[in-house]
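Next comes just one chain, in structure tokens: the form predicted alone.
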Amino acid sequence: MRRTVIFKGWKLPILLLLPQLTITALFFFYPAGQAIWESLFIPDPFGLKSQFVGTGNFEFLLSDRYYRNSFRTTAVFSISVTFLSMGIALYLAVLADRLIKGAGIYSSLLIWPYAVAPAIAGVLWLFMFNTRVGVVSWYIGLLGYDWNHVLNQGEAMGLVVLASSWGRISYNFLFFLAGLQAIPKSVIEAAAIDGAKFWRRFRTIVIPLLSPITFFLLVVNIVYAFFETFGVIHTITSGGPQQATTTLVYKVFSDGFVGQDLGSSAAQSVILLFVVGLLTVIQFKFIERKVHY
């Protein structure tokens, strides 16, 4: 018999929800509302007064070639970070799941990068690929290739993708490993007895059973690539060269805090919020249909 909890009255449920509702209101609804309000104005250079322009900030942004290019840059960056980090994490999780001895040590070592802040990770990768004193760039130079992410747009994008993916592999690894360990061994053994090889078992059994975790990580990693990679981009390339690594979230910072165009920055944050929300809805509406629970 299933037992359910029933609250007599509404005061206790509201009291239990009040801390979370307060945090959500203070750190999400209030900033979002403030951004929407400020996106309708253009402040003067001294910040003493503002002029109401309605949708003027949005019209200017959508007609700006550099802002439209940041959409393409964000798409390339987020897709690359998501699939690279999830692919490597799944491969490492499969290896860890097949280990008999030393699995705990192997797993603990792979978790460590998740504890490194994005800005610190960016500094580490910047030192390794520094054009003058970088160890990795020096070895690449021995192979006859002149690495210079300061001038080469493709190398700059590749470097920020690597740095951002490296910090995310540990997070994805934990979920994939937990999902692999939750798959009943009897199902895998039955398929092996029937003659199914490793790759056939992995494709027909493991991948479908991992689909809920994969879908969750897909949503989380795309949101991560849109927002939390700011520290990596800022420390490594600062959006350059020639805005080749200027994503939507970094352009919000550069226009608002560097250019002091607060109206345009607020409008960009509203557009970014809308884009991420739309992507999340699309993922839940179309991709979740292929998820096997």
Partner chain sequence: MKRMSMFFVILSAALMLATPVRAATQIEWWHAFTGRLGDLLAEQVNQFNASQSDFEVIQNNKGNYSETLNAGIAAFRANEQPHLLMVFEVGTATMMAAKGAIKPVYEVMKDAGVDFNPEAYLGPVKGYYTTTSGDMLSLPYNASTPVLYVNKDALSAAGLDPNIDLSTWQKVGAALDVLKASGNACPLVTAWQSWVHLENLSAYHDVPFATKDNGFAGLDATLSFNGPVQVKHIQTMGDWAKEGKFIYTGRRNEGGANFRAGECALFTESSAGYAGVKKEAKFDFAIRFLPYWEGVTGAPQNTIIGGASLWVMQGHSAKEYAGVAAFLNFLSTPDIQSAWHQNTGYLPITLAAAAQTKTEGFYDANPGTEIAGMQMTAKAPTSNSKGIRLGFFDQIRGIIDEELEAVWSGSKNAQAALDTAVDRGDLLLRRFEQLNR
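Keep in mind that this is a model prediction, so the values were computed, not measured. Residue numbers count along the first chain shown, from 1.
There is another form of this protein, the form predicted in complex with the partner chain, and it is not shown here; the text below is about that form.
Contact with the partner chain in the predicted bound form, defined as any heavy atom within 4.5 Å, is confined among 144 to 152, 213 to 221, 112 to 120, 87 to 95 to 144 to 152.
Interface residue remark: R68 is not counted as part of the site for the partner chain in the predicted bound form, having no heavy atom within 4.5 Å.
Though the partner is left out of this view, L262 does reach within 4.5 Å of the partner chain in the predicted bound form, counting heavy atoms only. Within 4.5 Å of any heavy atom of the partner chain in the predicted bound form lies no heavy atom of G231. Interface membership of F29, defined by any non-hydrogen atom within 4.5 Å of the partner chain in the predicted bound form, is ruled out.
For the partner-free chain shown, L48, K49, Q51, V53, N57, F60, Y66 of 48 to 74 come within 4.5 angstroms of the partner chain in the predicted bound form, judged by any non-hydrogen atom.
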